[in-house]
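Take a look at this single chain, the form predicted alone, given in structure tokens.
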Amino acid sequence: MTVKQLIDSCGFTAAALPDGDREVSGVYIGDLLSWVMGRAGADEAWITIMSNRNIVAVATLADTACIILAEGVVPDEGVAALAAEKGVNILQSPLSAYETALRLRDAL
């Protein structure tokens, strides 16, 4: 399933979508950035509540398919523009991280 298809099937919104055709193969949930860097897999959707510019660097290093900001979190100022520049998809979910993961499980 692609990131664009996730948006449609799960009801997420896009804050940055430079690579909407990127395939999503799994899910990783975490907020400790150093932990995510070492454990999130390539092509996974990463669910977090972190919203600062460091999430773009971590997503790039881990090669995640997208970042999903749970709990209605909005990216900090300039983060969406940075993500678009770096080719990182950022989605937003009004749901908790757990409920967001359940939606992804059902969609994938």
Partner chain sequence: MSDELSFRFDVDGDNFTSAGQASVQVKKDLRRLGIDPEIIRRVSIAMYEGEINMVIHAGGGVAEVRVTEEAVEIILADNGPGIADIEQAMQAGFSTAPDTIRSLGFGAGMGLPNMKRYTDYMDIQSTVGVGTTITMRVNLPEEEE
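Remember, predicted model here, so these are calculated numbers, not experimental data. Residue numbers count along the first chain shown, from 1.
Heads up, the form predicted together with its partner chain isn't pictured, but that's what we're talking about next.
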**Study point:** Heavy atom within 4.5 Å of its partner chain in the model of the complex - residue from Ala80, Ala70, Val58, Val27
**Key:** Val58
Exercise for review: Determine whether any heavy atom of Ala40 comes within 4.5 Å of a heavy atom of its partner chain in the model of the complex, and answer yes or no.
Suggested key: yes
Review point. Heavy atom to heavy atom, is Leu32 within 4.5 Å of its partner chain in the model of the complex?
Key: yes
Point to revise | Sequence-ordered list of residues in 47-76 near its partner chain in the model of the complex, where near means a heavy atom within 4.5 Å | key: Met50, Asn52, Arg53, Asn54, Ala57, Val58, Thr60, Leu61, Ala62, Asp63
